[in-house]
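Only one chain is included here, represented as structure tokens and corresponding to the form predicted alone.
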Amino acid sequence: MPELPEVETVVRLINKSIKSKTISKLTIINKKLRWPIDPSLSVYTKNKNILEIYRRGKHIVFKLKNGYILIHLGMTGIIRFFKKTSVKKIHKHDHYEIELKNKSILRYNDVRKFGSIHWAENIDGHFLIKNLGVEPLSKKLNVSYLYKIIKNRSVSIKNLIMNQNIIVGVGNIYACESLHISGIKPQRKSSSISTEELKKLISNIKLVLRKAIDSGGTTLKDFKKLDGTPGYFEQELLIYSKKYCRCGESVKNIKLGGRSSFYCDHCQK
């Protein structure tokens, strides 16, 4: 599933790729996604100017003058960019496309159909957004904020930092990597984490996410950028899906919250 770095990569590429900021039309090709696509999206967005394109959590947000387009890539969602003059035929799993005034097109393809697109007049009140936690790369993620949350929590630290109502976008891969660099076992109770460890963990969450964004995200299976190329952060992974740690010890793999959690008994306490 695309996580924060992958979604941020897509947002940056969209901003870089599109020259026109006016939507000519939004065409629904196949409405069957996680939530059926509302036909009124085509009406609300026709001939509207795009004021801003940004990311909130794992969502791509198009801010228009009259409201917002909210896109989630689900597990296998891919947005492709091309010119109408070189328009490609509709593929089996294409669901919608956004055509801009200069005839460039953003087309969404989703094999497993877990993605979504919504219209929102008030983005902060939308059911997919209103309960989201702080952005991990913002100043809001700090020791003061997180310590108040963890001090009375018995949940594992890995599950806590992956909780989207607390921090958005720290997916399984990035949680494993951040905890490994910080020397903290993923199964440790949140309440056992010291303020010094918490400071180090927050710093490393930001570091890992920034490095992943700079590498274009992580491609383990489905993720592709707008141009169809993979993300390269996989080459920099230190613990996730590895057999051996850098120290030479075998990497452990346990299940936490139904997710594989990789760690090193020697390097993480």
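These numbers were taken from a predicted model, which means no experiment stands behind them. The numbering used is simple: start at 1 and walk along the sequence shown.
One more form of this protein, predicted in complex with the DNA, exists but is not displayed; see below.
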Note: the DNA not shown here; in the predicted complex, the stretch from 178-186, 194-202, 147-155, 134-142 having heavy atoms within 4.5 Å of it is 147-155
Contact at 3, 128 and 173 by the DNA in the predicted complex, all three, heavy atom at most 4.5 Å: yes
Listed residue that, although the DNA is not shown, lies within 4.5 Å of it in the predicted complex (heavy atoms), from 79, 71, 162, 98: 162
I'd like to know whether residue 54 contacts the DNA in the predicted complex, with contact meaning heavy atoms within 4.5 angstroms. no
Contact test in the predicted complex: residue 12 vs the DNA, heavy atoms, 4.5 Å: no
Whether residue 34 contacts the DNA in the predicted complex should be assessed with a 4.5 Å heavy atom distance threshold; does it? yes
Residue 259: heavy atom within 4.5 Å of the DNA in the predicted complex? yes
Can you tell me which residues in 104-132 come within 4.5 angstroms of the DNA in the predicted complex, by heavy atoms? 111, 112, 113, 114, 128
